[in-house]
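Just the one chain here, laid out as structure tokens, in the form predicted alone.
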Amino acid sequence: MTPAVIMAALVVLGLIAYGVLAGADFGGGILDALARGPRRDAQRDAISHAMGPVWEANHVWLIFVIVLLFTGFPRAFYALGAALFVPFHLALAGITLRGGAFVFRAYGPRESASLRVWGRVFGIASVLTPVLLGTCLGAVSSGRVRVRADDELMAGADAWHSPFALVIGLFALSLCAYLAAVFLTVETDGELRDDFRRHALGIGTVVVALSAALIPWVFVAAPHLGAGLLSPRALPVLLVGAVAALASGYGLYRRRFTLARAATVVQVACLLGGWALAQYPFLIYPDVSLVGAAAPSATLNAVLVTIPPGLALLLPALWWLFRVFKSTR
């Protein structure tokens, strides 16, 4: 494997980590906004308790992806930054507003008007941000982002709000909500667990319906991606993801919630990993290839040398964070 391929693999691993961990956090905000019924406040308390200790730490993976992308593939970073300037900055604003609203609401008096306002901000930002990030992925997948040989953006600034990209945004929204609901079945018990189980089963049905709509649409809107999904490198990963999705649904139905959580993580990992393998060897099809966008070998090697000691510090710290706060339940 060349340094460029190794760097790209690390970007994908960071994207998977962010998709699973931050996706579940975004989903918690979505479920918070949807909370209804006599146990509405208890559901929101459970969501806050599950997210509170670790929600901000999950964004370290977004920083990891961005740093590797602009260091290892500056041409792709420039093109994506130009084409997706609006959704990227709206998503950044959503992440910021969501974090501020979560903190202000956590320390405000329960029945105050300000708490209700911050609660709405938290819910709206939690809904819009994964949609925006999903539309960005849809824009890259569509092949409509075009870049000249001199790195000048030719087209694609509107690709993020095409129908295809918007449906992928809705799929990302539903997948985040499903992740959170499944995770919360493990974090809770009794009637609350039943509430989140019902949420997971209902949202899971939406995920399946959107998947059924997207699969044939990919071959029309992004035929290069459809061909990549059926390639020998991507198809086995996606089939594992499909089996994991079935196992997740089975675990929910049979109340085997730990199985459902593990299977959902595998499902999301295989979905993102399969998408990346289908895109290969392009970062932005058809103009920006992995090799063509890579930084000089000296830069790639210098970054790759620093990653193992960096992860050796980061991963134990994150593990300890989860262990300390999750063991206090």
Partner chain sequence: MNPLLAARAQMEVSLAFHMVFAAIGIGLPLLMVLAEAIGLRTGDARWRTLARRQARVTAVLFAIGAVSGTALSFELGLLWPRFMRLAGPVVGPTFALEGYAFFLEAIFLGLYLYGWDRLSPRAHLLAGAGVAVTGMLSGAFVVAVNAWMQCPPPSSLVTLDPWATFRSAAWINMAVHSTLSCYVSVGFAVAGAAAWSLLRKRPGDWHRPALSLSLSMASVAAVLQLASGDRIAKMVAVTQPVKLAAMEAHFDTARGAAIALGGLVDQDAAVLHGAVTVPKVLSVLAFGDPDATVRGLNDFPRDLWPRVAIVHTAFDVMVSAGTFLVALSAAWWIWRFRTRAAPEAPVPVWLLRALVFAAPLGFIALEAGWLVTEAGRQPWTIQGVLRTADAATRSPHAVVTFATFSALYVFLGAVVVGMLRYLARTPVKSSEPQP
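Positions refer to the first chain, counted from 1. Only a predicted model underlies this, so the values are computations on that prediction, with no experimental measurement involved.
From this point on, the text means the form predicted in complex with its partner chain, which you will not see here.
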Exactly one of Ala155, Leu201, Val86, Val243 comes within 4.5 Å of its partner chain in the model of the complex through a heavy atom, and that residue is Val86
Of Val265, Val303, Leu271, Leu290, the only residue with a heavy atom within 4.5 Å of its partner chain in the model of the complex is Val303
Partner contact check in the model of the complex: of 30-38, 293-301, 280-288, 257-265, the stretch with a heavy atom within 4.5 Å of its partner chain is 293-301
* Asked: Has each of Val60, Thr71 and Asp150 got a heavy atom lying within 4.5 angstroms of its partner chain in the model of the complex?
  -> yes
- prompt: Contact between Phe104 and its partner chain in the model of the complex at 4.5 Å, heavy atoms?
  reply: yes
Does Ala93 reach its partner chain in the model of the complex, with heavy atoms at most 4.5 Å apart? yes
| query | Does its partner chain come within 4.5 Å of any heavy atom of Trp275 in the model of the complex? | reply | no
Touches its partner chain in the model of the complex: Arg75 (any heavy atom, 4.5 Å)
yes
Within 299-320, the residues having any heavy atom within 4.5 Å of its partner chain in the model of the complex are Thr299, Ala302, Val303, Thr306, Ile307, Gly310, Leu313, Leu314, Ala317, Leu318, Trp320
